[in-house]
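First, one chain by itself in structure tokens, the form predicted alone.
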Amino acid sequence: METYKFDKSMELFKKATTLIPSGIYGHESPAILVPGSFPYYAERGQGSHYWDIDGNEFIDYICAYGPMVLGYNHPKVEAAVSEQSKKGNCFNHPGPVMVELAEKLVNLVSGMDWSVFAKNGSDVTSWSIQVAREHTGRSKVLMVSGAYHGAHAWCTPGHAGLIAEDRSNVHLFTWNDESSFHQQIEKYRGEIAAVIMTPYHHPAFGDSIMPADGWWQTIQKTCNEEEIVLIVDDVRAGFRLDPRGSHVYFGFEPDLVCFCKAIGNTHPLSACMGKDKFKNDASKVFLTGSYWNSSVPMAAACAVLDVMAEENSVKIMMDMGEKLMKGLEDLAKTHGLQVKISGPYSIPFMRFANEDNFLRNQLFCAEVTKRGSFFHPHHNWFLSSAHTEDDINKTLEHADAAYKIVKDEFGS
């Protein structure tokens, strides 16, 4: 099976490093993949596939790190985008589509009474903290150690350019550890404005961990008793577990919910939704950006929500994810390899169970990718409703070849 080369990607990246700090920065940096074994620049996309600038075609299991949920260039979404683009995108005022989208979300997402919009997940997670502080008159925030809530100073996983004051009011506890959580509650009782958490724990460079029995009920009960605002960062999992919000999937009721990624099917949009009791506080917290009221991404989101309801997208993603992950697990066994699969089938992750350094995973994902299926060795994967059984079968062929290489290199 012939493997891909990335000569044009390498050439363009060399030029980029002379013009752009790091060439490619952030989560798309080649440094967090396997340099030389993955494409660096994308050319176009269609359905569950995309093409890089070398002309290589990939079945995409990262889905633009989550925003692609219905398929690249989905016809109904792009028709809505085209129709709105003809009218215009960014004006002195929001378009009526803003009200239309807010109404759709309020009618869809369980327990939420209002919505605001921005561009990135970081925008709304950071804003939600301010709303909680306004509501409670308190300053401190609790979050799970290793969780990702964006790139702003209070939560960034980076280290440069920060001062101690950026995080002096943010305190950590351990996922699924009630003792760790309650220690922080007791230590800062009366000072905590918010607890912010993802619906399940999905750190980079680690297994996804589902909530233990009673975990969310403990969190919610404690927040209610202590009058702490419970914020769910549903940026990554939103609309891939339950269209009504991941809190429905796990059976609890947050105060505020943050969405991004899948809401626009690659068009830039985020949203924060909340209960009515926080609406007045939300109206006081300044929220704006020159492009945040742009109509085109909102038109895309309206179409996305309609399509997801029409085709039952979550079920498709779950079914295709289950076929992929069970197939990978079965193939690993035939090669005598040990793998661990974690996370929901629509947002899965796989690594080799007998290593902590990800060397096997790096080789495996690189070899799968060089054959035409994009796997990330350190970050959870994503399924879309555009993925088909034929996609999964082809990917399992790529995985079969990659497993053999891993076995030859590392043994069992």
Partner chain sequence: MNSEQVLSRIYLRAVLPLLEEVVGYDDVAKEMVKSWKCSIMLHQAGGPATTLVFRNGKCDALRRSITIPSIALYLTEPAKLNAMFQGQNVIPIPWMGFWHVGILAKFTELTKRLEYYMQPTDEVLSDKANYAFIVKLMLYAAVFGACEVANHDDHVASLSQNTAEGVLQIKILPDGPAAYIKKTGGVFSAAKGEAPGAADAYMDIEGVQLAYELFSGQTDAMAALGLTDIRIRGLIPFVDNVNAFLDRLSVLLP
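Note that the coordinates shown come from a computational prediction; the quantities given were computed from them, not determined experimentally. Positions refer to the first chain, counted from 1.
Not pictured, yet referred to below: the form predicted in complex with its partner chain.
Interface residue remark: H159 is counted as part of the site for its partner chain in the model of the complex, having a heavy atom within 4.5 Å. At the 4.5 Å threshold, heavy atoms of H49 stay clear of its partner chain in the model of the complex, well away from it. Though the partner is left out of this view, S29 does reach within 4.5 Å of its partner chain in the model of the complex, counting heavy atoms only. Looking at F382, you'd find every heavy atom of it more than 4.5 angstroms from its partner chain in the model of the complex. Contact annotation: its partner chain lies within 4.5 Å of heavy atoms from the stretch 354-362 in the model of the complex, the single such stretch among 56-64, 41-49, 354-362, 367-375. Shown without its partner, the chain has F205 as the single residue in segment 205-224 with a non-hydrogen atom within 4.5 angstroms of its partner chain in the model of the complex.
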